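Only one chain comes next, encoded as structure tokens, the form predicted alone.
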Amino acid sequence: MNNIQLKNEINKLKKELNVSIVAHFYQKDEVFDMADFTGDSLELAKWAAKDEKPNLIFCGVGFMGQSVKILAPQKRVFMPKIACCAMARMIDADYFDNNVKILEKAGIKKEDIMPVTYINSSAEVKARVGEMGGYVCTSSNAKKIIIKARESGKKILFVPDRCLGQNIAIDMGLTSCVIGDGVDPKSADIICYNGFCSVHQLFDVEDIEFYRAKYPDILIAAHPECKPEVCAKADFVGSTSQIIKYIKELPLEQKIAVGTEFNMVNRLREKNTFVLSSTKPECPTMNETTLKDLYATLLSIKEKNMKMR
């Protein structure tokens, strides 16, 4: 079947099976277009948890599907591809425990550590953080969460994204370090785990300089998963949803270069919007899901339902 036929069949099965489909902003257009709701990771999880349909197909990466099950354990959640976010794979429960031990050896007691994990982490890491009385944050509320976490008077251990942790520290006028960078963690307000997003690492200061030289009046927007030096030179730094809102409120004639995933940037506006990179910053795991995978998932739900009758 071609894509048009696949889309028709998907829509038929979706109605027949009482299924909702959600898709992250970074999904391919062909998959994104089939969704009943689109958003960033937390928006999708919150919407899906309130959705009354019992079956949900989640087009994203593994930790996002887990987030739905955490918020709505009664819901049947299907993922066409259980693609794993590269950043989320950089930390597991053992790595988390080992980093806590590193801090203990540096002279920081475990009871004096307040962990905060970015939502881009597995359920087991979130559980470890919860066991220590910590918090889960998103890129949009990370600053608020860290402000709350600091009320404990403890050292903040931020996992897994070092860039988000460093950027929040800079924004708050705090000191930060990355575990293993040679800096004494006792001297830092926020201690960052050494993880990162492979896509957002593609953006460099040189890319900003290129666009500013070509278009003197251009604006630069960056996601806080970008390097601190990139965010420092951007006109706006915000989460996926915040970037979308910021750009929608700009005059159409205003040129802007955006430092985040290609698929999302490509859908923002038809004119005067550029990707802040000389290479295509496309998330490989987000792009694993295809229309064929979506169709096959719906067929599997139908087959399962028939066996249960």
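Small disclaimer: the values here were computed from a predicted structure and weren't measured. Residue indices: 1-based, along the sequence shown.
Although not depicted, the form predicted in complex with 1,3-dihydroxyacetonephosphate (13P) is the subject of the following passage.
With 1,3-dihydroxyacetonephosphate (13P) left out of view, which of N99, S122, S176, S239 would have a heavy atom within 4.5 Å of it in the predicted bound form?
None of the others qualify; the residue that does is S239.
If the criterion is a non-hydrogen atom within 4.5 angstroms, does every one of D92, Y135 and F158 touch 1,3-dihydroxyacetonephosphate (13P) in the predicted bound form?
No: no residue has a heavy atom within 4.5 Å of the partner.
Indicate whether 1,3-dihydroxyacetonephosphate (13P) has at least one heavy atom within 4.5 Å of a heavy atom of Y118 in the predicted bound form.
Heavy-atom contact with 1,3-dihydroxyacetonephosphate (13P) at 4.5 Å: present for Y118.
So in the predicted bound form, does I57 come within 4.5 Å of 1,3-dihydroxyacetonephosphate (13P), heavy atom to heavy atom?
I57: no, not in contact with 1,3-dihydroxyacetonephosphate (13P) in the predicted bound form.
Does 1,3-dihydroxyacetonephosphate (13P) get within 4.5 angstroms of any non-hydrogen atom of N167 in the predicted bound form?
Heavy-atom contact with 1,3-dihydroxyacetonephosphate (13P) at 4.5 Å: absent for N167.
So in the predicted bound form, does any heavy atom of R162 sit within 4.5 Å of 1,3-dihydroxyacetonephosphate (13P)?
Contact check for R162: no, nothing within 4.5 Å of 1,3-dihydroxyacetonephosphate (13P) in the predicted bound form.
With 1,3-dihydroxyacetonephosphate (13P) left out here, work out from 125-133, 179-187, 149-157, 220-228 which stretch has heavy atoms within 4.5 Å of it in the predicted bound form.
Heavy atoms within 4.5 Å of 1,3-dihydroxyacetonephosphate (13P) in the predicted bound form occur in 220-228.
Give, in sequence order, every residue of 9-24 that has a heavy atom within 4.5 Å of 1,3-dihydroxyacetonephosphate (13P) in the predicted bound form, or say none if there are no such residues.
Residue within 4.5 Å: H24 only.
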